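Take a look at this single chain, the form predicted on its own, given in structure tokens.
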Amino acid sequence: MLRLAPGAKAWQRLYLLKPSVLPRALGGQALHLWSRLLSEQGPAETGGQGQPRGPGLPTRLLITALLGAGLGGAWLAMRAEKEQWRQQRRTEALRQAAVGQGDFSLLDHHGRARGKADFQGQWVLMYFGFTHCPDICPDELEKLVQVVQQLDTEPSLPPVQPVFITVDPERDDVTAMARYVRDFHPRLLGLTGSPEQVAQASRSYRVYYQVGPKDEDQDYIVDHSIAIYLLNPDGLFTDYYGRSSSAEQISDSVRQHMAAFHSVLP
């Protein structure tokens, strides 16, 4: 790596260097400007010994700035490439986890039958919970809705379909789901079904849930996994986000997945 040192001798050596020996990391534009600056300067000034003094101070500063900008650009490019590689590795690992591989058969909050095929061609953010949840489920659904709203403000992005699947089919029938989802987002789709249908959908996405004991009022809490799932337009599980993920972080992740998406369907 070329080391810039003060003094006329150092700048004289720098002046005599050809652009071809500079690091490739500077990029074509920086090299072009470097070559142009040096060619325009020429050995116009001489010192007491008849030796060229090299470029003046403003030119030295500009050359140093170009070097810094070129190296900075190369670092950013390497960082972006590393992030893309990391994201691809994560996506492949999640696919190998075989989450969401099977189909499901549920009813939406309008009473219409819904299966996995109904969501093909759409990006989906899905959350499993229950309407009697006192705090966590409302908080996570609100965060999910914030993500949908943030992405809706970008016309270049496809719309995201928010989905809420109950893990409490005993209390969350079609009517209860319709009453619950309307408080969050007009596109939020609530899905319910029989205990067997809900159990099948939950197993498909590896969602744990367990009904707790009932109190004297026959009320109870359902312990369950807390995660927001992202499905791509092929209907494949693509990523998940826990409670620690903010709406902004999830939005950024969804954008990245959208940009990298390539359908694998025939």
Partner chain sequence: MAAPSMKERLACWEARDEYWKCLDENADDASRCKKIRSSFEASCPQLWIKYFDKRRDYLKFKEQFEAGQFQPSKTTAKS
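Because the structure is a prediction, the values reported are computed rather than measured. Residue numbers count along the first chain shown, from 1.
There is another form of this protein, the form predicted together with the partner chain, and it is not shown here; the text below is about that form.
- The chain is drawn here without the partner chain; in the model of the complex, the stretch among 214 to 222, 193 to 201, 64 to 72, 228 to 236 whose residues come within 4.5 Å of it by any heavy atom is 214 to 222.
- When the partner chain is considered in the model of the complex, only one residue from A117, A113, A77, I136 comes within 4.5 Å through any heavy atom, namely I136.
- Proximity of Q146 to the partner chain in the model of the complex falls outside the 4.5 Å heavy atom cutoff.
- In the model of the complex, no heavy atom of Q161 sits within 4.5 Å of the partner chain.
- At a distance threshold of 4.5 angstroms between non-hydrogen atoms, R187 is out of contact with the partner chain in the model of the complex.
- The partner chain in the model of the complex comes within 4.5 Å of a heavy atom belonging to Y180.
- No residue of the trio D152, R255 and H262 has any heavy atom within 4.5 Å of the partner chain in the model of the complex.
- Contact residues in stretch 240 to 259 (any heavy atom within 4.5 Å of the partner chain, taken in the model of the complex) are limited to R243.
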